[in-house]
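One chain is shown next in structure tokens, namely the form predicted on its own.
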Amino acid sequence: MTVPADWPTTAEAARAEQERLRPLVVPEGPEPPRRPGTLIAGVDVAYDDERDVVAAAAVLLDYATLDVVEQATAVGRVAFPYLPGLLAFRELPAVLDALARLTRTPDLVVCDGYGLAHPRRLGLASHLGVHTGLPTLGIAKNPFTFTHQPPGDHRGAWTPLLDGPDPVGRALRTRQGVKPVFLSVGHRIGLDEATAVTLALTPAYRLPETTRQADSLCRRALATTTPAP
């Protein structure tokens, strides 16, 4: 796994980098066409804290069928300490490495995490999008520090995810009677479009197929791969 030479190593430098990148986020854009050949990538990471190792997975799905068409992993040493609000600096080097090992470029990348739903409006999905130029969105399992009212019980119901009075995403019900997921724009996609993508990726389960596939793959890579010294 390659860590960029200028990668921040302190909290102060990381926060400064977030402030620099934040104005570059484009919080609007279309949904990719839902047809064969459109590629949606899911990325996720897993950690072995005892070995100080991180594994990332990138899985490409055909948007029309949700079949896996390609996958890649990257395993390496953790590049940044665990600090709330700065997880992108811990995860991005491995995620970028895994994405680079794919032979095809995704039309959209879905992160297991947050985009604009972040204290400085630059979570992993937004950071990844600005860094690569790719459209991105974040779909998280919990609301982090943000608030929301419970959405209606039916699939597709949503309520705003709020940072104080400011909307930063949506609590979206993907399965009737099952707790919602928490989505936010990453880069180059709008919130309505991100909602449509999330529902398209959740035909049978609460979590999107992108996250389900990437989560399983990165855990397998972590268990079976030893990074170079």
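We number the residues from 1 along the sequence you see. Note that the coordinates shown come from a computational prediction; the quantities given were computed from them, not determined experimentally.
Beyond what is shown, the protein has a form predicted together with the DNA; the following relates to that form.
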Heavy atom distance at most 4.5 Å to the DNA in the predicted bound form, all of 87, 113 and 141: yes
The DNA contact at residue 97 in the predicted bound form, heavy atom, 4.5 Å: no
In the predicted bound form, residue 219 touching the DNA (heavy atom, 4.5 Å): yes
Contact of residue 106 with the DNA in the predicted bound form (heavy atom, 4.5 Å): no
4.5 Å heavy atom contact, residue 147 and the DNA in the predicted bound form: no
Which of 118 to 126, 150 to 158, 98 to 106, 68 to 76 lines the interface with the DNA in the predicted bound form (heavy atom within 4.5 Å): 118 to 126
The unique member of 46, 191, 168, 197 whose heavy atoms fall within 4.5 Å of the DNA in the predicted bound form: 46
